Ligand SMILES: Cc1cc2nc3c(=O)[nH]c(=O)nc-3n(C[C@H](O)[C@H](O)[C@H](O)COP(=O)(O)OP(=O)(O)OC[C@H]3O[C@@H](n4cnc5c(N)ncnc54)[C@H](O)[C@@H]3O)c2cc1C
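Take a look at this one chain, the form predicted on its own, written out in structure tokens.
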């Protein structure tokens, strides 16, 4: 068994027509082959390399990471003397992945990296998350190095990107006890130390994933007297310099292999990354978009694992003289679970491809002036990636929670016992709709694209390229309903109304987008996605119809009913 070979639906997503453009940009029109003998000399060479890397990852996941997962969950990480020690299984996973040459995955070759596209990185992260979601939080955070690559100085890139390529772990230290979703409230203090040519950090960070990593990206307040995002800058902290201790590892519900830490900064030496005052406004926003895509990959991996556990159990478990997967109540659940996975993949990999194109063009722009066509292409894919990222993170994480819930339900009483993996998956899934921006924050991020008609236009533009079919007509009908809902809400011209109806609008838009992408995939790969498309389309229509019935009957009094459900003292 191999986590890549046993998933033809994943391999199909690597064969998108956009991949040729992605590879030529990532390889700078194959000039990389002139500098590095291991760089691909052409598209077929690159795709063969991707396939081998993904197959290798699939083997490591199946032979090492997945077998370690239950022991990792039970042991967790340990904290002693202000330092974290990973569980034995997590430490082994890291060692094997590094030995397999998987460090510095997306980093440039000049720093020892593999120069892999985001799309391939997403596939690797999905497979790792299927094997053990907690390990994805440790290994996958090497993507933080992309921020240093994009915004750091040449000296910082040379130092820290090489460290990442040599296996150094990373974290992003953003959250504080009084600054969770509201990062503008971050108060960890950064003070310039001209005498030593550095900055000093003092304060506390909380809920930091992989918090005792080797390299930290830290959001801190560099401008005295400020209280909003304009006073924040981004810093790089090297653990070898000391000054940061782990106060404790949080006792989390799930992802036990990933230490979630509270950190105390005591005059810790740090370097400014990029320019002052742009920490939140520019750098963390870029960092968070990457992190949110990472949680989408994690969510898809968890969905897949939960579905496989449910399929296996339902085939073996017999009730009333036959396997339970022969009962409509059960096989319907399994079909919907599978359809959610495939719709999630369609959205995840489309978003990843858009990120690849605009990020690669951004990198090329540092070496030469882009043509007018390239600038237009970069802007287009950047806007699309920004629009799709919040719905990718929001929907896939909600589906991860739903699939693990359904997996336990199919297991019945056995699913409530720790003897079955679905119980761990259920606990691991719960955080996905919370960290790196809650689902509610993804709604806020997506809402301007809903009201601006971005998703509607995206769907309509793609539908005209697809052959006529009942599925295409059904999606067109859904988009018409989305447009009606959007107009009804925006006509009110009240922010509170937008917020009140926001989640229904965002989900409706997401269902339209996901159905369209899944339809496109079924056209490009005949026979592989047809069943999931039909099931997901039925599911989506029921969801959009439900949202439509609520939004279109909305009145000003509707919000009053919800307000009045609060305790009297809060009304």
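Quick caveat: nothing in here was measured; it's all calculated off a predicted structure. Positions refer to the first chain, counted from 1.
Although not depicted, the form predicted together with the named molecule is the subject of the following passage.
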Taking 434, 438 and 441 together, does each of them reach the named molecule in the predicted complex with some heavy atom inside 4.5 Å? yes
Contact stretch among 253-261, 229-237, 127-135, 79-87 - heavy atom within 4.5 Å of the named molecule in the predicted complex: 253-261
So in the predicted complex, does residue 209 come within 4.5 Å of the named molecule, heavy atom to heavy atom? yes
Residue 175 near the named molecule in the predicted complex, any heavy atom under 4.5 Å? yes
If we define contact as a non-hydrogen atom of the residue within 4.5 angstroms of the partner, is residue 181 a contact of the named molecule in the predicted complex? yes
